[in-house]
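One chain comes next, on its own, written as structure tokens: the form predicted alone.
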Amino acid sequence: MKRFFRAENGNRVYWDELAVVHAESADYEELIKGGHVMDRIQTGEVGEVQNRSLLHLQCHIGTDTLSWARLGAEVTGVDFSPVSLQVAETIARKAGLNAKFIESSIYDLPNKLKESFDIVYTSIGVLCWLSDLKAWAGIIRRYLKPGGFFYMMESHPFLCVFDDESDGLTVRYPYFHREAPYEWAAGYEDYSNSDYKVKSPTWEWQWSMGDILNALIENGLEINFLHEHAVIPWKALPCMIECGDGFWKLPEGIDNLPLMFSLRAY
């Protein structure tokens, strides 16, 4: 992990930058009005969270963390971006929700948090920022109470092979993991605000489905389910079309490909 310090520190700069942008563009009014922004797939698969402790890893500005709080969970959010957590705490105050936020990288978290949880959770768009997936899975195992479970929803690794600048489905990137990260230059559109051009470069890692499952299994977690979905909550490719409930899908005729997956493990 020390080998990639520049990449991981550079990514923190990127998320500090985006926290400011997302504080202005993110749709969290529903939280402030007394609702939540969690989608139907996750609420259905996670189930009842009332009075259960939930640890959200890589929580960014905390909208998902606070949605679980709105649904009754006792939440702790973790992120390495201090600016993101400042935004999260502001939203929590405005929404009248109780939440604990901890500034830490995933890998340093055992030095800052000792308790364990009923649910460990991650939301979509997190794995590409991790340089060590086995260590990540070990952290998940470390924080689960006996009888607790891990739940995640994430973009499907297969989606990541396609050219996101092409109108069709053109394979551009490798599916399988390589040790060194991909470096992306600044200047592209923010995923949540197409009017904003990102000023910071980023470094990302690709992980295959086998990498993800094996990391969890090798750390003693048993997969309860793995579901693949033909929808995703943002326009990941130019050819995608909206299909309701905040989701996007591929056009008819090529809409039978996996875009997202969810899993639960004990």
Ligand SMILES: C[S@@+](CC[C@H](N)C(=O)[O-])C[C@H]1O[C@@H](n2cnc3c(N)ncnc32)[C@H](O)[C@@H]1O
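Numbering starts at 1 and follows the sequence shown. Since the structure is predicted, the reported quantities are computational estimates derived from the model, not experimental observations.
Keep in mind that the form predicted in complex with the named molecule is not shown, yet the notes after this line are about it.
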query: The single option of 106, 95, 133, 144 touching the named molecule in the predicted complex, heavy atom within 4.5 Å; finding: 106
query: The named molecule contact in the predicted complex: residue 184, any heavy atom under 4.5 Å; finding: no
query: Any non-hydrogen atom of residue 125 within 4.5 angstroms of the named molecule in the predicted complex; finding: yes
query: Close approach of residue 196 to the named molecule in the predicted complex, 4.5 Å, heavy atom; finding: no
query: Residue 158 within 4.5 Å of the named molecule in the predicted complex, heavy atoms; finding: no
query: Segment assignment from 111-119, 98-106, 161-169, 69-77: heavy atom within 4.5 Å of the named molecule in the predicted complex; finding: 98-106
query: Stretch 36-63: residues contacting the named molecule in the predicted complex, 4.5 Å heavy atom cut-off; finding: 56, 58, 59, 60, 63
